[in-house]
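The chain below stands alone and is given as structure tokens, in the form predicted on its own.
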């Protein structure tokens, strides 16, 4: 037979006013380990009990800050040290790009950890048999009565004094609440065989259902329509064409709508003689040119076009764009290099539109003039 121990002394009251007065009296008597149970929220109860703010928010704040720091540090290390972003003019520590993921990690870590801490520490998982469960006290306060209880572990607890206090407050009924000693000893023990078995069942059932749905159910008709459909995957063989290639080149002699063919491919000198920059240098075109130059050109040429590559020796540094040779080139000649490429520089015709190429050239001219200013430019 399990040994019964006293958990608390409880009292029932008939009206909200009576339970408010009882809570205030219990609090003024100096008891700390007490609680109030009502069938519905009673306005003013927090003040009557002098409840302090929950400490759970501090845990959420600390864990959220830790999650944010770990997210920023992890992405900063991956993109700046382990696998540097050296393309498109991206900085090694691109904080604006980290913000969405940092926000998600912060919220996710804080919310999940808060629930775990609340259940494991505040509610003492896996204890699901609180002493007041299935007692006459709980049955009454869940229906139409209002109850207050003082726990036996309170430093001032004396069963007789607590009972006298409840009687003086006009309690309609006083109920002692007992608990099995063996259950008290096992509260919060996550290594209890029943609890471990429960977790194992949950894990294996969840894993089995997930595997069955993702690897079996979705490959059974009619769910296979999202997997098996007529399409060509990138860089994969195709049975639709005689050569078996899935990636097709444009048909010879065709021109895409809105795209004029480049007539000087492989003829940079002719491009330099015949092509004229159609754009006018103004705030819009220069901003457009700077944006594209910083993205596509600066990783190799540097932000000032001095040829100071940021690629850390992965490619040969290009020549400076401030040499007499390049400054004397026409805009059409530079356009030919951007379009066709030159030496180690590949063609950027697929990445930069024709109008953006002309804007880049206007920005290069501004850099050349700024870094090679003449006397009249300084007046």
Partner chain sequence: MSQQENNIVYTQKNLPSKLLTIGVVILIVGLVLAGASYLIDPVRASFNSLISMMFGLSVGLGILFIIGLEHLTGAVWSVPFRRVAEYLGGILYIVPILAIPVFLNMHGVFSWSDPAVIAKDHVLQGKVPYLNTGFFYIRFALAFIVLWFFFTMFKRNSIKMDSNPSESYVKSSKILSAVMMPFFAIFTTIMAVDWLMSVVPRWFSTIFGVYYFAGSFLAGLGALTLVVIMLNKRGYLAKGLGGDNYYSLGAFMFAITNFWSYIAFSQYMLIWYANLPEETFWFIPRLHTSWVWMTAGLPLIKFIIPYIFILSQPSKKDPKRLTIAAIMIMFGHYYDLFWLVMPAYHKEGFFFSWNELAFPILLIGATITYFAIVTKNKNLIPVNDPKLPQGINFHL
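Residue numbers count along the first chain shown, from 1. This structure is a prediction, so every number in the text was calculated from the model and none was measured.
If you look for the form predicted together with its partner chain, you will not find it shown, but the lines that follow are about it.
Figure note: of the listed segments 41-49, 335-343, 350-358, 322-330, the one touching its partner chain in the model of the complex, with heavy atoms no more than 4.5 Å away, is 41-49. Shown without its partner, this chain lists 159, 273, 295, 94 as candidates; in the model of the complex, only 94 has a non-hydrogen atom within 4.5 angstroms of its partner chain.
The partner is absent here; in the model of the complex, the one residue of 266, 100, 278, 250 having a heavy atom within 4.5 Å of its partner chain is 100. Residue contact check for residue 61: one or more of its heavy atoms lie within 4.5 Å of its partner chain in the model of the complex.
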